[in-house]
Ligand SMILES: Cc1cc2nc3c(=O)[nH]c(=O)nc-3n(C[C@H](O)[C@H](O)[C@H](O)COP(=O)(O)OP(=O)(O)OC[C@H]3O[C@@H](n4cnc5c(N)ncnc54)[C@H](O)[C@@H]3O)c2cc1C
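Only one chain is shown below, in structure tokens, and it's the form predicted on its own.
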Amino acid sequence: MQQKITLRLLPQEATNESFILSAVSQHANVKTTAVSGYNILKKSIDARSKVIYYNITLNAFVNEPFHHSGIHEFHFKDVQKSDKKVIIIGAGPAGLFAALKLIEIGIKPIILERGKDVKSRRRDLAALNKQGIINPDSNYCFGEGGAGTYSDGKLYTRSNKRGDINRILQLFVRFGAPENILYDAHPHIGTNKLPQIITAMRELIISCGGEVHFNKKVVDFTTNNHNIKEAITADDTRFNGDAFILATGHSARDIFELLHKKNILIEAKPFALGVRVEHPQALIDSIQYHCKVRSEFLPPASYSLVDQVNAKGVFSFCMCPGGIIAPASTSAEELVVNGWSPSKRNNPFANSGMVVQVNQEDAYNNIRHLPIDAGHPLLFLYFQQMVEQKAFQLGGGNFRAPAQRLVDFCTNKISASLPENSYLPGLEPANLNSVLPNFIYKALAGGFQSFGKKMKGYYTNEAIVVATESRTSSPVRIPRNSETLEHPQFENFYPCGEGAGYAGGIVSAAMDGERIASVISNKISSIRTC
């Protein structure tokens, strides 16, 4: 028979298959030889006390043959001759998973991506990191796979009401991700592995008759009554389809501006902005694991922090153990930083965004010099842009980033020197109080001191603060009907994913893409499938 069993094991025990089998047999009150195998269902670390444990829930096979739980089978159809097609603008998680779902249903997807394929993107990232040269259409945010491809690959989400999280994880495994993402409490793939997975997705889409077009930046739409008729790219190529999915990501400012210019309804959306903080990973390990040196049986430690300072929410965002801080800008003379980790998380530093909630009054009070009112749909976008431009100027150009040691930041002191760090373009000692709006600076300073009390050793000048972490989410929401998911002005136009303001992260964006693909399939007529 099969038994669902939960074990509480020391780290060295949790990595020993023989020990796990022995623990299972004791729990089931049978001989070890009676346990033919097990499938792990969930695995997490409990580091709340000095003795650290793994909690492992598994399905054990007792007195019956073991069989691997396996990967769900997906049935992708031949859509080459389909008489129905959907234009997908953007090849990030929302766009790619929408395309895969459409192929399962039997509808042909045509993806238009402004940037390059994942392999070609690497050259542009190298030029940005080493020479300070930015390609506005191929960078950490734009290109095949979207911002997620080269920004870590965290797969944790709380959006379990938006779709089937396990299905998304299963699809990632289908295309090459490790199976542990199916049961780890905080699944993570790693920036080094994501490009191959994204490439495999693209190859499947094309082999089934779908289309993927790179260097196809959408610059305009034509409309006919209450429908989008065509998407027009920068090279004046025109694409028409039965439906249009807009999945351009949180940084596609030109798309937001285009929609506003064409009187297509968009709304300002509050977001969070701040900095990225970096500590030595060994320091974070010692704090979180209550030890001088991390055990070889434990992964690099992470943290999640939140507080209220001056009635403002301050919280950690996209924490990257063993990670790298990278320039995530999309335009010249604007500085954005983000973090990522490889699959092994084996770099010597730990970094995290540390951000503050920004509301309408906050944004408007800081950009009153612009000829807009407080209700302008691009209010938060302009606020975001203003801070990024200040950061670029203070860094001195070439995407060098202004930075301070952590305690110096909180005491408003320019650091005499900066410690070794992971940011390749280089750091410039500066007073970040002159970059950040005052309400953000004060909230962060108070937050860091509070976090130092929660994590003894966190508040230290061994850590550095780097400006600016400003692309936490989209500063714009593109409205859509809550049931049919279409834009209120058009019957065949579907805002989707992070850029539309309806998702946050790889998994939630992927689920949103699938959801919209299903809605479209129910709306347009059935087609022949192969």
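None of the values given here were measured: they were computed from a predicted structure. Numbering starts at 1 and runs along the sequence shown.
Not on display, but discussed next: the form predicted in complex with this ligand.
S.K.: Do residue 94 and this ligand share at least one heavy atom pair within 4.5 Å in the predicted bound form?
M.R.: Yes.
S.K.: Residue 422: heavy atom within 4.5 Å of this ligand in the predicted bound form?
M.R.: It does not: once this ligand is placed as it appears in the predicted bound form, residue 422 has no heavy atom within 4.5 Å of it.
S.K.: Using a 4.5 angstroms cut-off on non-hydrogen atoms, would residue 151 count as touching this ligand in the predicted bound form?
M.R.: Judged by the heavy-atom cut-off of 4.5 Å, residue 151 is in contact with this ligand in the predicted bound form.
S.K.: With the partner left out of view, is residue 217 within 4.5 angstroms of this ligand in the predicted bound form by any non-hydrogen atom?
M.R.: Because a heavy atom of residue 217 falls inside 4.5 Å of this ligand in the predicted bound form, the answer is yes.
S.K.: With this ligand left out of view, choose which of 90, 109, 402, 447 has a non-hydrogen atom within 4.5 angstroms of it in the predicted bound form.
M.R.: Contact check passes for 90.
S.K.: Would you kindly say which of 259, 301, 141, 381 lies with a heavy atom within 4.5 Å of this ligand in the predicted bound form?
M.R.: Only one option qualifies, and that one is 141.
S.K.: Going by heavy atoms within 4.5 Å, which of 49 to 57, 492 to 500, 458 to 466, 23 to 31 lines up against this ligand in the predicted bound form?
M.R.: In the other structure, the partner sits against 492 to 500.
S.K.: From first to last in sequence, which residues of 231 to 268 have any non-hydrogen atom within 4.5 angstroms of this ligand in the predicted bound form?
M.R.: In sequence order, 247, 248, 249, 250, 252, 255 come within 4.5 Å of the partner.
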